[in-house]
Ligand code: ATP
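First, one chain by itself in structure tokens, the form predicted alone.
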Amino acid sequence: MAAGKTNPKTVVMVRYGELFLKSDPVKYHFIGLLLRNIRQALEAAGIDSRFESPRGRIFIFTDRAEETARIVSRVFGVVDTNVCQLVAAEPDAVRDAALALAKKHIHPPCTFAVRGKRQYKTGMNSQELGEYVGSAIYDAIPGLTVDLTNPEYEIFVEMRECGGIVYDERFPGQGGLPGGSQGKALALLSSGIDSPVAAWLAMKRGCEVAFVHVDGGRWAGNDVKATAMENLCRLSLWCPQQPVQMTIVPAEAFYDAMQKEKIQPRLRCVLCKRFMLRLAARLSLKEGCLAILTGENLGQVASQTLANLAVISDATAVPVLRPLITYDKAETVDLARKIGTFLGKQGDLACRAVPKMPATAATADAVREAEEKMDIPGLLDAVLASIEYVSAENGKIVKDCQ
């Protein structure tokens, strides 16, 4: 990886953050997963590359540097990426590379700043390195003003064991932990805004996520199932080259049973949520999942009051994770837009089982009494006997329901 003063190499540098706080065995394992995920993301885009991973950084050598930097910035565990010049770990080499970069991108008159960072404990410290490079740029380019607080142009210089590094643009990453580092969870995926965002947040924290969609049949809007599948496609873009599977459970019989047994309409939403958790619990055992993910949010709708969530959670012993539990709706929508799951179309996404006045504090006794009338174990067996599967990869359905 050595580079001389006169032959800087253009490479993509990847920074990771939280991984560095782990013990050495865990850190190296996580870095290995991160490298695997980066490699898969680049392979999905047809980009040839090679990697080197000196302490604290990952370098990617490729002839499609800017495209690579943007793609890798979407990989979970990455703090940011940039296209940088790699030179010898000498102040003059760093200065020359920084000056060449500044001459290309600075448009005087303007303000600028140099941000220096040095790994060594000897020689120039970080501030001195920044001042040394900044003075050279200031002297060479007329019309510049130093502004360390809010500059119009920033250039970053580093002196590390692996070499001198110079860059002037960062592509912010997603942060979090590498996918696959935290085990597998099963996410309830609907046609709405919340559940895809909840799944994405769990993916960001390193979970491998499988999905289940509970299909209400004629009790659901005409576009519900197709929209849930579109959500699956959008989420698959965040784990390139990895097929993401969704189990589709035809649950029309459950809604029919509520109607047949004349269950109090006000209990329907809580009963439905409990039934979904029971389905997910059965499937999680089959899929090797350690937890269930939902898009529930405290107080957002009647079934999501604290009293109702307590009754709903009682339906399963499998841990239920609710990443959005404290989010405002506007925050969830903003995140959905960012990650690409805000589809911007309505369609017929109604649930025809929702009552006019759902219970906000259903009692466990009333719910269990209703479930006994409906023969929940029998309904679970019946609907799980007719499950279908669909898979998505790189944003497209690769296996239709069978």
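Note that the structure is predicted; figures quoted are calculated from it, not measured. A residue's number is simply how far along the shown sequence it sits, counting from 1.
We do not show the form predicted in complex with the ligand, though everything after this point is about it.
query = Considering the ligand in the predicted complex, which of 176, 173, 295, 134 comes within 4.5 Å of it through any heavy atom?
reply = Result of the distance check: 295.
query = Among 181, 82, 236, 190, which has any heavy atom within 4.5 Å of the ligand in the predicted complex?
reply = It is 190.
query = Quick one: is residue 126 in contact with the ligand in the predicted complex, heavy atoms, 4.5 Å cut-off?
reply = The answer is no: residue 126 has no heavy atom within 4.5 Å of the ligand.
message = Residue-level contact is defined here as any heavy atom of the residue lying within 4.5 Å of the ligand in the predicted complex; does residue 194 satisfy this criterion?
response = Output for residue 194 is yes: heavy atoms within 4.5 Å of the ligand.
inquiry  = I'd like to check something about residue 227: if you look in the predicted complex, is any of its heavy atoms closer than or equal to 4.5 Å to a heavy atom of the ligand?
reply    = So residue 227 does not count as contacting the ligand.
ask   = Is there a non-hydrogen atom of residue 212 within 4.5 angstroms of a non-hydrogen atom of the ligand in the predicted complex?
value = Within the cut-off, so yes.
task = Work out which of the listed stretches, 72 to 80, 111 to 119, 144 to 152, 299 to 307, brings a heavy atom within 4.5 angstroms of the ligand in the predicted complex.
result = The contacting stretch is 299 to 307.
ask   = Taking the ligand in the predicted complex, which residues of 257 to 284 have any heavy atom within 4.5 Å of it?
value = Sequence-ordered list: 273, 276.
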